[in-house]
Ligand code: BGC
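The chain below stands alone and is given in structure tokens; this is the form predicted alone.
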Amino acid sequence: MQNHIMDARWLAPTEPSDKRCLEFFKDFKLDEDIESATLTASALGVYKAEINGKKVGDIALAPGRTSMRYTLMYQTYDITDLLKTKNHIVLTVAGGWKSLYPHEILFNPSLPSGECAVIASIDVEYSDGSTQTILTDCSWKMQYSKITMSDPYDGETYDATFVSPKPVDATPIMYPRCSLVPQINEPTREKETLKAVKYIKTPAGEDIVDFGQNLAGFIEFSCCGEKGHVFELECGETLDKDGNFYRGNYRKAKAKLTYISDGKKAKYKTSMAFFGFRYLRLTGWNGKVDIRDFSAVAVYSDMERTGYIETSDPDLNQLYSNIIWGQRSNFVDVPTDCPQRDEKLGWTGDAQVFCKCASLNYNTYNFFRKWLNDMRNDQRPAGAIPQVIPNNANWASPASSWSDACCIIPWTLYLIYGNRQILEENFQMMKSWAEYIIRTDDEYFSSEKQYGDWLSTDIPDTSYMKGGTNRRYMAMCASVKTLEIVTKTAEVLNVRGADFTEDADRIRKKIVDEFFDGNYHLKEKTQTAFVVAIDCRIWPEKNAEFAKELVRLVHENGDRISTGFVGTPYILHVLSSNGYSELAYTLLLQKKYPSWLYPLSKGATTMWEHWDGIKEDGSMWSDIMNSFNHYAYGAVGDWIYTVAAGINYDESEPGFRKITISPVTDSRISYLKASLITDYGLVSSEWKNEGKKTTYTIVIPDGTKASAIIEGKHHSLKPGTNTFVISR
């Protein structure tokens, strides 16, 4: 049945709502012989719908977060079973992400800056084939909700005592500046529900509940107080070294749920804003806390889980759990950097380094396809890609490794899922970005906006942002990789006039001229400098020398990494591909700071933004930027899938149509298994070290070509289970 949302009118408040939630409602009558009915709705902000007192659908934080200048998504729900002859519909709306950018003139002047609006249609079909349509228009009414404050950063306030003034007529507005499109990606939904696991009375006398897991989502709790009594629940990710509640890293975000009681026992769950938290500090309970009254509801995009890893090492298993929870927490319709502080932005650099791991853990095709649509919309006319997508704050400057996401992510998705459509949709964006790099050349490479090896540990804390590796060098290396990706994409699509090989070689020569000494040795002496030289194929003939120098630097650093956001995702790959797999495992299993396992000693249940978010002495890294739920360093997961377990696609037949299994074992681990659900079925690689033998068990789906490299020997694989036992 066709929806008629395009015939509906946008409804908006008659005056600024000051972050209050609004209710737009209408009573309507229907005949009895309803065959089917749908509600189609969207909003500038966040909406939820109720019909006859029952929630419509199970989507959270609809309509989803987009580049609002250009696109808003709508959702269509089957409401047949909710309808009667007399009906009452309520659409509750909050400003949501739109409320964050009141300084930008993004919208039609008839809508106050920062305010919300809603649009909807109800389409009914009767058993005789006739139809009826109800649209948002001037016949609807508006009133204030009991949710008296909703804000993506500050949280949610619910006043059970509030009685709205007399309803007023809703105000239809014109909003012609963006397209309404059907939901592109999987919607956000409520997923796991976690009960509180511990009550803590801190040394400072605070009442704390602990859920045992850092996450992003809604808060649900039960309470009973006198009329007007105020209950407050403040979010935090960790406790300080004295065991007291810590929330300095939330910066200006209040991240608080406030509930004002009407004197009745109540159970309340937030719905219009989500939080990042593990702990809640309670005010208003007066020490009478029952942890059974508190739940945390994880909220994230409803992607299909496809990948799993398990090992004999409890710390590696916890690391993998942290990677998964970091992805869940930050894949809330867009790939955010963090879910807790006054940010929650779609940083492109974070997304591109984690894309491969993310796409092995979950089926991210639609998730990233939707985000890439926003990226295409936000690309600047000259070809530059902003650092944050959606770019509703109108940030203009590009940056290497961040803006390169426009090429790296489509190419990664093509290799994992084998669907040319993702390249076809994004090729013009990719090509325009490549042309921007070539056209701006030295100006772009030397820009102060370059982030370098963000948050590396190879320079003092006071200089943490840019890392210790020359930013111009890193920008030039990243551009070589990007130009080669665009060239390969043009070959796949059989597009002429997009061969950037000569441009990549020209930049390679500039790198050699500027950053190599008279003896052709790399002047940059950082781990990341050698990592990107190998990963970006700057001088392939010298990879063995680069790898040897990298090994030296790792040993000099106590067999620990010193890399940041750009070097970290690739360091284990370049070590193992150059014959240093044992050292790669040493880095993976390292427990001293800086390492992937160090945060576990401080109770981490998600990935951290800083290697030392909590320092060895228990003190905190600076409040200015210290997220404990930041997924970028979780990119190490793809090394476990593709090297430790050895599950690999072939670029000539992507999407795991052609599979190579080449596991790399280590004596410090007795068991490792990774599995992946592909379009062809389950792929699994498992190995066990038992005394003087290693058993490899490999599962291959029908319809694929597969081979294995087991301890240097090649084997053909048949569909089903393949077992190899190697004795020593």
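Quick note: we count residues from 1 along the sequence shown, nothing fancier. The model shown is predicted, which means the values in this text are computed figures rather than measured ones.
The protein also exists as the form predicted together with this ligand; that form is not presented, and the subsequent description refers to it.
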The one residue among Asp337, Asp404, Asp123, Asp535 placing a heavy atom within 4.5 Å of this ligand in the predicted bound form is Asp337
Counting any non-hydrogen atom inside 4.5 Å, which residue from Phe294, Tyr585, Tyr451, Tyr417 sits next to this ligand in the predicted bound form?
Tyr451
Can any non-hydrogen atom of Phe565 be found within 4.5 angstroms of this ligand in the predicted bound form?
yes
With the partner left out of view, is Asp154 within 4.5 angstroms of this ligand in the predicted bound form by any non-hydrogen atom?
no
Taking 4.5 angstroms as the cut-off for heavy atoms, does Trp347 touch this ligand in the predicted bound form?
yes
Partner proximity in the predicted bound form: Leu135 to this ligand, non-hydrogen atom cutoff 4.5 Å
no
Only one of 595 to 603, 622 to 630, 432 to 440, 260 to 268 has heavy atoms within 4.5 Å of this ligand in the predicted bound form; I'd like to know which.
622 to 630
